[in-house]
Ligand code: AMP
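So this first bit is one chain, no partners, the form predicted alone, shown in C-alpha cells.
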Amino acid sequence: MNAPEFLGAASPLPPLSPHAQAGSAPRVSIPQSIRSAWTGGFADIAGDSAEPFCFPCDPTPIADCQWLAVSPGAAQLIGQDAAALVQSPEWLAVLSGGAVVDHMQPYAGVYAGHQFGVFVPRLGDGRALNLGAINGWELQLKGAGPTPYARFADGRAVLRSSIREFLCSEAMHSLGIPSTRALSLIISPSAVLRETVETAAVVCRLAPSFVRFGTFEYFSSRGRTDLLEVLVRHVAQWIATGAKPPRNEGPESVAVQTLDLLHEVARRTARLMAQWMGAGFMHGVMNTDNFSILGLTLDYGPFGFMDGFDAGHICNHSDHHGRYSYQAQPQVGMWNLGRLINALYPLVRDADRLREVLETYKACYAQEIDAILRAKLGLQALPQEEWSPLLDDFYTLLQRQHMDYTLSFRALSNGSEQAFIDLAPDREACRSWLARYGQAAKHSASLQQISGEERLTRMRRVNPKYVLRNWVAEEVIRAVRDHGDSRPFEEVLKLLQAPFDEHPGYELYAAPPPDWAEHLAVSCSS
C-alpha cells in the first residue's frame, strides 16, 4: 500500500438539503428514571459551529405505525423490558420518529467517505437520526425522514431492507460477530418510491458510537486538525488501547494517542474481516463511510451469506466490477484502514510509524483467520505442515464443487461424511480429501488430549446451522409485506438468535436456496 498522503485543502461542498427543523416534532414525556439516563451522546462533545460534528434535526412522522419486533437483548442494553416497551405509546412514537423525548434534540452526523474508491467530501446521515444515548448506547433511527445530509432524498427506509437489517444485525450478534444491534422495527403502510412503490419502516439500532472512518476523513479533508484531535479523544474512551491519556496537549502526546488508536482500530478491523470470512458473510458496500471506528458491522444493505461457495462471489448486483467480492474483503479492509491513516496523518506526520499500523492489520488478520478456520475444522493442534495443504485443498474442493459453505462445515461438525459428500455434485471428489481430514482430526484430537466426540461438540459451537440466507429473508419479507403474516419473521428470528442449535422441525430454513431463489440479487436500493 502506498504511503499515506494527506488529503489536502478543503474541497467545495454541495448545498445542504431541505430538512425538518429542530424542535418541529411533537414532544413527549417519559419516566424520570429513563429521562435522567438519556444524554446527548455524541452531540455533547465540543465542536465548532463553523464545522459542526452534527446538525440538529427532528424526525418526520409517518402514519399508522405499529410494532413488528423488539429485541429483548437489545432492550436490556438500555435498561428496558421488551414486553413493557411494546405496550408504551410513548416509546412507539419516539422509536418511529413520530415524537421526540421532551428534553432531547435529535441530530444527524456529518462524515465523508470513499465510495467504491472515489472520495466524496460530504455524505452524512441522510436517513439516520440520532436520539442520544442511554446507558452508554447511542440510539439511531434509520428511515425517520430527511436530514440536511439527505442529498435531496426522502430519508425513508423500506420494509424489505428494514427486515433484513433487523434480522441480520441480531444474527451477527448471536454468531459472535461485532455488530450494531437492532432494538426495534416499526412498520407503516405509508408509500415510499424506489424502483417500485413500497411501504415504509423504521429501525432503531444501537451502538456505543456510530463514528465511522469517514467521520475522520471529513474533518481531515476540511483541514481541521483541531477537530480531529477532539474525535480521537472521544473515540479513545470506547477503545481500550492500553495507553494512558496524555499529560499535556503537545504534538508528541497527540501523535502517541493517535497511533495507539490506529493500532487498536487495525486490530479490530482485521478481526472483523476474519470473522466475516469465516462465517461466509459478505457486506456488499465496504465504503469507508460504512466502516465503524469500533470495528462493528455497520450499515446492512446488499449483504449476503455464502450459499454455494465461490471465492469471487459478488453479493451486490450494483458492484459491477467486484470491488467488494467475498475474496476481496480482507484487502478492502486494509485499503480502508489506509484511508483512515491518511486522514489522521496531520496528527502524526510520520509515514514510517503509520505504515506499522498496516503491518499490525496484516499480522492480526493472518492470526485471526487461522484460528477461526482451525476451530471450524476442529484442527487446532494440527502441525502447520499438515494444516496448510489440507486447508488449501478444502477450499479448492468447495470452489470446484460449488458446495454450500455453511452446510459443509456443519456436516463436518456433525461427523457426517455422507452429509458432506451429498453436498458435492461429484461425490467421489470428496472422498480423498475426507480420508486425509479424518486422519488429521484424530491427530489433532490426540495432541489436544480430547475425545473425538468432544472435538465435534466444540466444532458445533462455532459452525452455525442457521444463517440469514437471502432466500430466507425474501420469504419473510413476502409473508409480512404481501400477507401481513409475521409468523415466519418470528420463527426465523428465533433461529438466528440460537444459530448453533439444531431446532428440529425447522430444517428448511437451513437449506440451500430453492430453484426460484438461485439467482436472487440484492442491490443498494432501500
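Note that residue numbering follows the sequence shown and begins at 1. None of the values given here were measured: they were computed from a predicted structure.
The following text describes the form predicted together with ligand AMP, which does not appear among the structures shown.
Please identify the residue among G338, G304, G98, G124 with any heavy atom within 4.5 Å of ligand AMP in the predicted complex. Result of the distance check: G124.
Please tell me which of Q399, Q115, S432, S253 lies within 4.5 Å of ligand AMP in the predicted complex, judged by heavy atoms. Looking at Q399, Q115, S432, S253 one by one, just Q115 meets the 4.5 Å heavy-atom criterion.
Residues in which of 195-203, 286-294, 100-108, 352-360 have heavy atoms within 4.5 Å of ligand AMP in the predicted complex? Flagged stretch: 286-294.
May I ask you to state whether A153 is within 4.5 Å of ligand AMP in the predicted complex, using heavy atom distances? A153 belongs to the contact set for ligand AMP.
In the predicted complex, is there a heavy atom of ligand AMP that lies within 4.5 Å of any heavy atom of D299, even though the partner is absent here? D299: contacts ligand AMP in the predicted complex.
For the heavy atom contacts within 4.5 Å of ligand AMP in the predicted complex, list the residues of 359-397 involved, in sequence order. Nothing in this stretch is in contact.
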